[in-house]
Structures are given as C-alpha cells and as structure tokens.
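The chain below stands alone, shown as structure tokens; this is the form predicted on its own.
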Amino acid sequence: MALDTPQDTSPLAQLGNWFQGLGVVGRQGRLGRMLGKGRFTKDLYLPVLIPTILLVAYGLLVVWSASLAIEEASITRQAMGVVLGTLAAALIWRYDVRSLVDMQTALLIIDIVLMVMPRIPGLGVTAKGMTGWVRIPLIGLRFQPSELGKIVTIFLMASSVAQYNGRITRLKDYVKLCATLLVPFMLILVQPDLGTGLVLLVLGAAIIICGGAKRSWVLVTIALLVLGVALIVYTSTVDGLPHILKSYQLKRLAVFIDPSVDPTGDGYNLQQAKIAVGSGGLIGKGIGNATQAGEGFLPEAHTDFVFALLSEEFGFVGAVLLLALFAWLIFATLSFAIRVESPFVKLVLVGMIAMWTFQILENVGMCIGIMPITGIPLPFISYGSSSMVTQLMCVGVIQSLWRHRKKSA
C-alpha cells in the first residue's frame, strides 16, 4: 500500500515537505517528521474520516440555523456533543477494539445495564412520554444510554456470531443468537422506545445473516416476525386484550397508511414535513428562512424532522449533497469490510453499515411519507448530544480497526 512505502505522496506528506521548504520547521522537526512520513494518514482511514468531518460540519450548520428560530436547539450543546464525541473517538482509536471478540458475557451485561439504567429510581429522566434518559450526577447533564447501547449491541452480536467463522450450521446456534439479540430489544421496548428497538433489531439481524445463517431460517424468522407484528397490532386495537402498542404508536402506523386519519397529530406532522421538503425547491430558501420550522408549523424540526428543515433551507441540492455524503461514508465502510479477513472485524463493520443505513432510510423516509413516523435521529445531523457522541464513537471504532488491521489479534 502507498501508505507503507518510504516515498509517501499523500497530501499531508506533501504539506509536511512544504513546511520544511518554507523553513517553518526543520527537516528533523517533529511536525516535519510526522507529516512528511505520513504518520497521520497511515493510521487513519480517510475514506470514512473525511465524510464524517463534512457531515458533522453540515449538521452543526443545520442546528445553528434551527437555533435562530427554535429555542430548544442549542448550538452550544450540540458543539459540546461534537467535542465529547471527538475525544471519545480518539480514545477508541488508540485502543484495539478487537480485544472485545471473546467478551460476549461482559458485553451482554453492559447492554442490559444500559437499557435498564433509565428505570433506576432517582437516575432516570422522563421526556416526551419516554423514560429513556439518565441524569449525570453533579454536573446535571443527561444522556440517553440506549444510544451507547447501539455500539455495545454491535460488539455483542459480532462477537457472538464471529465464533462460527461464517457458517451457522446448527439451528440451536441460530436460535441462541436470535435470543441474544432479543434481550436488548425487549428491554428497550419497556421505556418504550420502539425506534431504537428497530435499529437494534436491524443491525443485529444484518450481523446474523452476514455471519452465515441459512436462508431458510431467515425466511421463517421473517414470516414469524410479520405474524407477530400483525398479532400485536390486532391485540392492541381490541378491548379486553393486552395492548402492547401505545395509542400514539398505533396512530403512527395508521398515519403511514392514511395521513388523513389523524389530521391534528402525526398526520399533521407528516403533512408539514412534506410541505417543508417540497417548498425548498432546487436551492432552498436560505439559512434562517425555513418558514415551516421558523413559524412553528413543523414540530421537532431540529430532531425527528431535521431532514425536512434541511431540505427547506438548502433545497434539492442540499438534500442530494447530504445523501451523497452518507453514501460516501457507507460505501467506504463497506469497502473496508470487504477487504478485511477477520470475521469479527467484518461483522462489526456490517453492524455499523446496517445501523447507519436504516437510520438514514427511516428518518428521510418518514419526512417524505414512505416510512412510518418514529423517533429515530438522522446520524450527525439531528440535534442531540447523545446521538452525536455515539455516531462519532462508531467512527472511532472504524479508525481503531483500521489502525490495528495489520496486527495479530
């Protein structure tokens, strides 16, 4: 690889040589040595790092524009999330995360603790009808443990599936893996947080399928899930039977089918989101000129419906740019996953890809009416420090896997 050759021609290497030529640093100076030899670039997976930086910058711009009209959208808190996430990613980058491959029990315990933390008296915080946050003692800040649970679940499922080396031949092993995934999924539903639960289910399923599960088992599981969902919806609508789904969740499903059934609730939100996306036109109305969000017509414009806000301000061009950056991030991660040989590393990357892809499709899709409305944030863009820290930690994991790719586990 070019990064390992003595004559490094990377941009940072050329920058180091340029500094030396200007005499800013000596040829033996620290900056010249680090840049000239490409010490930075060989340990960083730039195809993922560059789109991440651009997405974070784009997200900060969107949150700042939202803060001009929405009091809850604090650019300071969002920037704090970026700083904390960057620090966490840097620490993870230094650590060889492949050492987690044989820690299934510890990861399962950590996952369970994260999911039940909001239910601990005096620690949990309820907001928007969901007890999903915990307040950090002394400093008073709060965070959402389930966001961190996404990363833990990826490692849990990757470590559990990797031991089969790409072939899950026994049905009892497949059932055991599915049962492992159901533990965090069922715990997160108690909060209740169906959106995060779906993210966990999708990323875990992707890892199991790519880990070598037989197609017939997967098809039977999908059929059982469809029947189970139909049964849950039915029992939740009949008096006298257990109502697993809340009334607002049933309304969201109904609105997905027919937006007119709830014209003052989720149906209204969907219609306003569509108006915001369509009114942006080709190049948008400009920063601070999003009338749907600015005049209060579009609720949760800085969180759940941030894509609608972005589309109204930056138009079709801004939306395409965002999706292009996401595609760059996902396909760069996929390229890494294809080239790597370690089953554990490959499955961790698969989990990251599945998580990002599902969250993007769901968040964007609900803003244009092709997906049900859920509380799933748009990675790197939606307002929320917990989500931002988690997404940057995921990037830190990828950088760690890249940095230690040539070392024996």
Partner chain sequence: MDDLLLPLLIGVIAIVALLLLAAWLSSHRGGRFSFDIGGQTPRASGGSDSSPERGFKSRLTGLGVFSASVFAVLLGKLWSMQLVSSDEYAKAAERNLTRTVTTDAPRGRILDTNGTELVSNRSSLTVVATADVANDDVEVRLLANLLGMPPIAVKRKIQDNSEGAQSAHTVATDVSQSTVAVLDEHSYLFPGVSVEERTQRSYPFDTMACQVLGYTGSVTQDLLDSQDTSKEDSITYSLGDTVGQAGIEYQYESVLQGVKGEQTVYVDANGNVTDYSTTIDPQSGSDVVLTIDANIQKGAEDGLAHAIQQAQSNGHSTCSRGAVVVLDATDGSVLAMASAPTYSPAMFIGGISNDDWTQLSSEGAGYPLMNRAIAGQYMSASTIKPVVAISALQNGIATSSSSYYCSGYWTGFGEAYGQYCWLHTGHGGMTLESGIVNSCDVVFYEIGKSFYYSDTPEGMQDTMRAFGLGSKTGVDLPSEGEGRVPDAEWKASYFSSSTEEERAWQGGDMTNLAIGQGDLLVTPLQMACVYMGIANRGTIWTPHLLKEIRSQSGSGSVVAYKPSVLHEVKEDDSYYDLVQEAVKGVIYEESASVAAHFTNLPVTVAGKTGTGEKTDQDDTSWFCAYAPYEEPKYVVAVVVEEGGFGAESALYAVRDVLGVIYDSPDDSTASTLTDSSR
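Computed from a prediction, not measured in an experiment: that's the story for all the values here. Residue numbers count along the first chain shown, from 1.
As for the form predicted together with the partner chain, it is not shown, yet the points below apply to it.
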Tell me which of 142 to 150, 73 to 81, 228 to 236, 86 to 94 has residues with heavy atoms within 4.5 angstroms of the partner chain in the model of the complex? 228 to 236
Option touching the partner chain, based on a heavy atom within 4.5 Å in the model of the complex, out of M371, L44, I53, L61: M371
Sort through V175, I120, M186, L219 and report the residue having a heavy atom within 4.5 Å of the partner chain in the model of the complex. L219
Indicate whether the partner chain has at least one heavy atom within 4.5 Å of a heavy atom of G211 in the model of the complex. yes
Quick check on T105: any heavy atom within 4.5 Å of the partner chain in the model of the complex? no
Answer for Q292 alone: is it within 4.5 Å of the partner chain in the model of the complex, judged on heavy atom distances? yes
4.5 Å heavy atom contact, I330 and the partner chain in the model of the complex: yes
Residue by residue through 314 to 335, tell me which have a non-hydrogen atom within 4.5 angstroms of the partner chain in the model of the complex. G315, F316, A319, V320, L323, F326, A327, I330, F331, L334
